[in-house]
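The data below hold one chain only, encoded as structure tokens and taken in the form predicted alone.
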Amino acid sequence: MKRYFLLYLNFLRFSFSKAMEFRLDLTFRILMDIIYYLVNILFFKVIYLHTPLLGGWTEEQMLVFVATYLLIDAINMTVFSTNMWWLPFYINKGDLDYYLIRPVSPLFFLSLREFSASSFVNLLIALGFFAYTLATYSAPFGGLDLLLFVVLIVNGSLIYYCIQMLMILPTFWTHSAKGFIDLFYSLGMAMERPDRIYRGWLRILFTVLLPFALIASFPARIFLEHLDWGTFLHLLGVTAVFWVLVSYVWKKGLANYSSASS
């Protein structure tokens, strides 16, 4: 465990030093994400000009939900997104060999090697907005409620990573993940809406099969409406199943992988 921690510190050091060499790109990425945050906040602000409730939540509660999915998105963009972008290229060009011979888990190396320093600034902004929504939230909550909320946000980030990885791993067989990645980003917008707006087969799709709707909605619901064991166990069950799926497909993909030396 200590070896992995020290390795990740080296990843951080390398990523920040590289980001400082391209400061114009850093500035534009920060501005782009700030605009994204403002658009998402104003979208719900406009909706609440016409209705007092959406998905059973007031505007105040909805802002907590918005802060939740913005924070999860910022975590993904900072920690995982760049690595996910490069993985199909490594598989197709045979560069995966370089990571398979390392004396650490290849999945750890490939998932966490590139830390986006530019997105880290936006992660701080998202974290600040998250803290603001909690500080101005009128209903009382305790330290354990907040701790559970934070843990479930981390859990939501893990689900988001697992779904994205499952969309990329077919590259081992198809040699292109573009269609799957386009599908991921299209369906991923379901994360930005409260889960209660989905009914029938759409609810099954977005809370079980491709569980984008529970990534942020379930953590927010458990915090805003207090712990519901059915919701909590559903969330943990989906996380466990998707992590097992990622591990299984990853191993099957490696068995099908044609290295540069083959």
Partner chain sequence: MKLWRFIMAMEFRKILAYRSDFWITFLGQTFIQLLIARALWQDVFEARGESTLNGFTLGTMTLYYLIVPVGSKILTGENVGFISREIYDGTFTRYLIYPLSFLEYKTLTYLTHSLFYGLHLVFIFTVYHLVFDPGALGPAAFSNLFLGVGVYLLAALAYVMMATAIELLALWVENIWSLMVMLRFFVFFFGGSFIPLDFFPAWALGLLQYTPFPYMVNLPAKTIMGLLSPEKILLGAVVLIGWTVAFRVTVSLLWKRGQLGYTGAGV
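Computed from a predicted model, the values in this text were never measured in an experiment. Residue numbers count along the first chain shown, from 1.
Heads up, the form predicted in complex with its partner chain isn't pictured, but that's what we're talking about next.
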property	result
Segment that reaches its partner chain in the predicted complex - one of 123 to 131, 152 to 160, 175 to 183, 107 to 115, heavy atoms within 4.5 Å	175 to 183
Touches its partner chain in the predicted complex: residue 201 (any heavy atom, 4.5 Å)	yes
Exercise: residue 100 in contact with its partner chain in the predicted complex, heavy atom 4.5 Å	no
Close approach of residue 69 to its partner chain in the predicted complex, 4.5 Å, heavy atom	no
4.5 Å heavy atom contact, residue 50 to its partner chain in the predicted complex	yes
Partner-contacting position among 227, 209, 233, 31 - heavy atom within 4.5 Å of its partner chain in the predicted complex	31
Heavy atom within 4.5 Å of its partner chain in the predicted complex - residue from 189, 146, 135, 139	189
Its partner chain in the predicted complex reached by all of 216, 223 and 240, non-hydrogen atom within 4.5 Å	no
